[in-house]
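The chain below stands alone, shown as structure tokens; this is the form predicted on its own.
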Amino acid sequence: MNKRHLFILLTFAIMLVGLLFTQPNRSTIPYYKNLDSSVQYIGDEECAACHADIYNSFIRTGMGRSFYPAGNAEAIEDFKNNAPIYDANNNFYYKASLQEGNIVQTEYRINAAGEKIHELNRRADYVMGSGNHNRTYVTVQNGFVKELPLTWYVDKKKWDLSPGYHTTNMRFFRPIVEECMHCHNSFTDFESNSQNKYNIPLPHGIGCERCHGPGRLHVQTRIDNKNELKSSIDYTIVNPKHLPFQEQLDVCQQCHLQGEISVFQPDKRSTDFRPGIKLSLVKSIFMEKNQTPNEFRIASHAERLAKSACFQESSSLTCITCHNPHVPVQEHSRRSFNDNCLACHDPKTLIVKNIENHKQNSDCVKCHMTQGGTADIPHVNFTDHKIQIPKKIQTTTTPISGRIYNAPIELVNFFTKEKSPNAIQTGIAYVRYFESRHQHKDYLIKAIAMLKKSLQENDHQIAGWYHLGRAYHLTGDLKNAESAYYQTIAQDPNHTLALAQLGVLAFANERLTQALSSFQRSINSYPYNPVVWNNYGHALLFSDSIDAALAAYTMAISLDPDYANAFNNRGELLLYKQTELGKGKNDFLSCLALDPDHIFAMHNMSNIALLEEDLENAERFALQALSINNDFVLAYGTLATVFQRQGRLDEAKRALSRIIKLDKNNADARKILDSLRD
């Protein structure tokens, strides 16, 4: 071969290699210009200017009505014929009412005589949920968004406790976290170091850009008349129908793939997902490996569809095969859904036993996609998106909140299944599952093993170190927890949560200087966490910085006026350190108004009653505390004092004996008991 021919072949080979490396792969075809992180969101109003028909149809869909001010809500609830909802586990009644045009939810408690002894009211500021199946309500205080305890269940036309509240009643204080908000709304201005703080006002519902990506470039290009299309695709804005198969699915799966736990990739959060990229690049979604076969949930559409033979044997079946997201589902005819089935399954060629039910006008969906209750939301009638043969269908409607865990479950990443699982992501998932779902120590043991091994191989993993710290912390291994938290801040010196946890550990070990430093650094990193301010107040108090401690407790309360513990802590400082009996009493009463079962506030009210020589109320508060915790030593001490002052010496002896039984080293109780026996 001569040199000329060799040169030509080499040149061709280089060109071929260049083409292989420069041609976009399946995950980036086509490439949309609004995927660039510099392109801004603009809001639905700009879209409506040119796409009025689509916009006016979309805002009537479930997505378009997913989140909105309570004052804008069409009245579908029954506020007159609604009996109070009783939570027997916590002895609270709940009732919803309409007061001066506002939706108000009331919590109250009554005693044996039928007298109301507690009442707390909250106004609904926003409605979460379209009303197709239910409506849940949220309230906003200082930007902190919290769920209310009652939900209106449309299918049953009834009020009941909100989803999850039958097991864990978080009353008026359940935080609406970022991921929860962003599946019920457009992207918000969320404060990333917080749990549930948003800059107000909030958007009103899921908008166009959640599925099409940010629209600034598209609008500006059209305004500048620069977008004379040379092809059928406008690359300044994503149209999901032109996306590759997986990316098209992921547009819907960002919200309709529920799973057990989501874990974001390093340095990613929900707002980093843009239509046109793979969802797995932003987060991993973990499922229960051995899930009950026919259990489905309110947002498990994608997971259930993926289990269908129709999906597994198709290369083109996606959500928009059957659903037009711009049109309310109620306006899709049943025939339109069935026609999609017939596009693949010609009744003339079907081999079935019951041919009468498989004609051209048969209802495929009725038999092959059953409706029923979901495993996570009560009182709803929902379509299972697993397409099945009827004889195999046996839906499970036992609420997850009421399930009995016989053993820890195994989690598997939906995107990778069991192939090359990311051990750090999986370890984080197990820690979070322990914290939020099932407090079985085996999850933490498994997480520690996974995280330790993986972090030895790849130690630059901030979230991995933090969650390893949490796992150790939750198992009581405080030394290793502290070490992992220090590894976290070595990589991110402003990691506000790790700094706060280091403060907690230092305070527990009476290293006050270190605790103060850690809490102060956490506050400097993010000054709006009321829990950190409260803990900082503790450290200041024990360091005899009384005025600074008072200011810290007050800051915690100003950030979160629902923070019962902070009221009690400030009250204790005012009463015991500054002898401000009246101000302390007000704080204890504020604490009990928020949490009527707060036994330490009850004890403090008993002490105030003793100071005021009000023995009747001192005894009442002590007995009230014991009705909640019969082993509460401090309350027996109060009763012993009351009984001794009243000359009820036998009762005083019994109270003191109970203290000694609970606290064998209580020398004061032994001394007083001995004196009474003499």
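Being a predicted model, the structure only gives us computed values, none of them experimental. Each residue number is its position in the shown sequence, starting from 1.
Another form, the form predicted in complex with heme C, is not on view; read the next lines as being about it.
Asks: Since only the chain is shown here, I'm wondering whether residue 468 would be in contact with heme C in the predicted bound form (any heavy atom pair within 4.5 Å).
Replies: No.
Asks: Would you please decide whether residue 207 lies within 4.5 angstroms of heme C in the predicted bound form, comparing each non-hydrogen atom pair?
Replies: Within the cut-off, so yes.
Asks: How about residue 238 - does it come within 4.5 Å of heme C in the predicted bound form, if we only consider non-hydrogen atoms?
Replies: Yes, residue 238 is a contact residue.
Asks: Consider residue 218 of the chain shown here, and say whether it contacts heme C in the predicted bound form, taking contact as heavy atoms within 4.5 Å.
Replies: Taking the distances in the predicted bound form, the answer for residue 218 is yes, it comes within 4.5 Å of heme C.
Asks: Given the stretches 475 to 483, 442 to 450, 601 to 609, 362 to 370, which is the single one in contact with heme C in the predicted bound form, using a heavy atom cutoff of 4.5 Å?
Replies: Checking each option against the 4.5 Å cut-off leaves 362 to 370.
Asks: Which pick from 543, 90, 416, 314 sits with a heavy atom within 4.5 Å of heme C in the predicted bound form?
Replies: Selected residue: 314.
Asks: Could you spot which one of 511, 122, 95, 358 gets a heavy atom to within 4.5 Å of heme C in the predicted bound form?
Replies: Exactly one residue meets the criterion: 358.
Asks: So which bits of 553 to 568 sit within 4.5 Å of heme C in the predicted bound form, heavy atoms only?
Replies: None of them.
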